[in-house]
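Only one chain comes next, encoded as structure tokens, the form predicted alone.
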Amino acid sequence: MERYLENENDRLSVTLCGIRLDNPVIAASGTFGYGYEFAELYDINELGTFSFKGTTAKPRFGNPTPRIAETPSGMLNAVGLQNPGVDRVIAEELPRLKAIFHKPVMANVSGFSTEEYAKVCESLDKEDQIGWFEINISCPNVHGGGMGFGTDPRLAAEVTRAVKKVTKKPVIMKLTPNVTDIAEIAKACEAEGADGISLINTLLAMRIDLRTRRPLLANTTGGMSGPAVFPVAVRCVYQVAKAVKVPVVGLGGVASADDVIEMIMAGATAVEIGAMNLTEPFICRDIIHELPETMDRLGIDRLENIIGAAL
């Protein structure tokens, strides 16, 4: 059967919370900075979009070093939300970003209280280039915040409600897999007005140095990412996509065009790529270029036609 598609972009484009993306590939927060380093390597406007570095109200140095450790088919990190704080992001980072990236960008927001999440979103809300808020209630590497909000449906709902009050931009809640029932958390966020759900954040893990007999990370534990977590991420995306009506963004161990297709079939509208950016800086660009051929091989005309195909 002949295809009458105008161009490859028609085949790859998806709509995430009302905003059209040229393709579903999103560089994940914490692995892409504010895009500058990658913009020196290729035109990052090829991306669907990217989620910039997690932002808190005040500057954060992060956790003590060492805070990165290797593991087979992945890595552990305990960076601890190092960032310059929302005021400097607005004054310095966003103007620089606007010069190199000409699409709506996703703002990843973290906090240590419901009030902090709301304050950061309210400060960023007036920035025109921000298309979506990705609210990180799932970071396992900080004390007194982060994942604690994402493991309790009541607290997850509370943060969602507070953020929705201060912005009309789409709010996507980023969830942790370190729970018994991730669909329950997603439904609690949806009930309070979340426009989308992104998952998964990293899996809580640790390694021990056999020579020193001490944990490899100064933080003791960290978040595991990379290809090893991909099957867990697919399972979580599938469960959440079955449970909610809002769009789902899938991430966790994505390393190929085949992985992107699998995530979409599991129910994801868009797909974030994280840890692989650190070892293969061209990975997002290459996957975008490989998607049309992969779709041809699998008999897929448009990516939008296979969202949730496995459900």
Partner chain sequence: MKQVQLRIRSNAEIADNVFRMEMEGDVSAITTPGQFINIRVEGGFLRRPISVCDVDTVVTGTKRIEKEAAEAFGTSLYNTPQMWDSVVKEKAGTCQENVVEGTVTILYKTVGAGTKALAGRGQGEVLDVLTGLGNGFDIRKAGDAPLLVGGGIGSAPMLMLAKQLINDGVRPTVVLGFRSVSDMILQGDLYEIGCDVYVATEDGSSGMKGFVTDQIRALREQGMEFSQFFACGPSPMLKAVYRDTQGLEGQLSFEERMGCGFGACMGCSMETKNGPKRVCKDGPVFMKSELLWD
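Residue numbers count along the first chain shown, from 1. These numbers come from a predicted model, not from an experiment.
Just so it is clear, the following notes concern the form predicted in complex with the partner chain, a form of the same protein that is not shown.
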| item | value |
| --- | --- |
| Listed residue (A183, M75, L94, A205) with a non-hydrogen atom within 4.5 angstroms of the partner chain in the predicted complex | M75 |
| Residue (of A27, M276, V249, M265) lying close to the partner chain in the predicted complex, criterion heavy atoms within 4.5 Å | M276 |
| Full three-residue contact with the partner chain in the predicted complex, heavy atom 4.5 Å, for L41, P227 and P281 | yes |
| Stretch from 197 to 205, 67 to 75, 235 to 243, 128 to 136 whose residues place a heavy atom within 4.5 Å of the partner chain in the predicted complex | 67 to 75 |
| Distance check, V79 to the partner chain in the predicted complex, heavy atom within 4.5 Å | yes |
| 4.5 angstroms heavy atom contact with the partner chain in the predicted complex for D258 | no |
| V166, heavy atom within 4.5 angstroms of the partner chain in the predicted complex | no |
| Contact label in the predicted complex: F32 to the partner chain, heavy atom within 4.5 Å | yes |
| Heavy atom contacts to the partner chain in the predicted complex at 4.5 Å, residues of 87 to 124 in sequence order | none |
